[in-house]
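Form predicted alone, single chain, as structure tokens, below.
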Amino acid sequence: MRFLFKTDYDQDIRLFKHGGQVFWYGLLMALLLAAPFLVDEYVMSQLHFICIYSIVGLGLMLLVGFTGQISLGHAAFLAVGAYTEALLQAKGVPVFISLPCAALFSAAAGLIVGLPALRLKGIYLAIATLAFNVIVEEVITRWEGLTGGNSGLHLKPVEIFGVTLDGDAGFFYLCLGLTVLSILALMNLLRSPTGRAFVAIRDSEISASCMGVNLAKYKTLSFAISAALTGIGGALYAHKVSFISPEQFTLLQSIELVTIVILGGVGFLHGAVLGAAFLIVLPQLISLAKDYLPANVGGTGLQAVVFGLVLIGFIIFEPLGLYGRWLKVRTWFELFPFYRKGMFRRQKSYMKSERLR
């Protein structure tokens, strides 16, 4: 087991706590940078989607996992970012301006949702965000003069300083770079007073308010930052698929985004990346398994059934998600043979005010 003896305050704010993290994360980054030269086009395409959904998952993780605010309407922010990117590209705006604009417009939409949701929580907040998703989808469908309606909009490959990223490698490096920047930004945000206010709201709004945390300010700020990251993911998604339409941003898309957070592990930044990878890889595994299943079993509804069973299984048997399972495995190897089975069991604690309800 690794013991860290801290001798100065700078050790508390380091991104990497010890040399082992530097080695493994450095090795992972080296493999990702070499991926375009090691794998084929199909695998590269899946890596594109993993990076894109990781950015979106990080935004939703900030809202759900660190602020405790549920959202079933994040596909709406994805749509805002995608359509903003498509419309600005059609006007000839360069990508280093259109991407921040996509994030800005999505953040504005997040503020619109966050302000009325200040008095809502739990299932009522989920219904409010779901309603926003339906409204955005309907607006995109009806406003044909701007969005093209059901006919959709086409996008060209990303062009940066006259260089067109029409190959798999160039676009992958763009997605990877934005993913790494998003992770680093959230890591620093969560160590700041703002991030600690988010976590305080998640743990107990009453206690956070008593400590002087402005609930209205930080809830709306969390919605805005989460929506901004989702908007960036939406802009990259639009370039990846090269065509966007209202059918791509429905309630089912929002549920898939929530699935990323649940499967990866609520409250862990690593969980957003692991959940995105799992969400992209699982359909490929299902398609491979269809060749070995009877014809009447491997139908069109198999993927939905498998996704539902996997989600239910994680909720019941592993509520901490994929990253939580990895923490348990790592701790088992570190403490063997002294590992206790109930080490990660959650203990329910009640405040006096909650006992009277």
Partner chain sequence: MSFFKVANLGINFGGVVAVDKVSFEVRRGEVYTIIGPNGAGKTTIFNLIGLIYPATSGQIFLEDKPLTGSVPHRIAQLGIARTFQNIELFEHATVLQNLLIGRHRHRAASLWQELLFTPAVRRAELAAREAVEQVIDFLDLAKYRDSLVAGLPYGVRKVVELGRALATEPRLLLLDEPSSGLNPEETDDMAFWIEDIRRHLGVTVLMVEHDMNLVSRVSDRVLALNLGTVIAEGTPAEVQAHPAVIEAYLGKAA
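What you are looking at is a predicted structure, and each value in this text was computed from that prediction instead of being measured. Residue numbers count along the first chain shown, from 1.
In what follows, reference is made to the form predicted in complex with the partner chain, a form of this protein that is not presented.
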Item to complete: Spell out, yes or no, whether the shortest heavy atom distance between residue 166 and the partner chain in the model of the complex is within 4.5 Å.
Response: no
**Message:** My question is simply whether residue 199 lines the interface with the partner chain in the model of the complex - judged by any non-hydrogen atom within 4.5 Å.
**Reply:** yes
Margin query: I'd like to know whether residue 10 contacts the partner chain in the model of the complex, with contact meaning heavy atoms within 4.5 angstroms.
Written below: yes
**Report entry** Heavy atom of residue 146 within 4.5 Å of the partner chain in the model of the complex
**Finding:** no
4.5 Å heavy atom contact with the partner chain in the model of the complex for all of 88, 98 and 101: no
Among 149-157, 235-243, 200-208, 167-175, the stretch whose residues bring a heavy atom within 4.5 Å of the partner chain in the model of the complex is 200-208
None of 280, 221, 269, 274 but one has a heavy atom within 4.5 Å of the partner chain in the model of the complex; the exception is 221
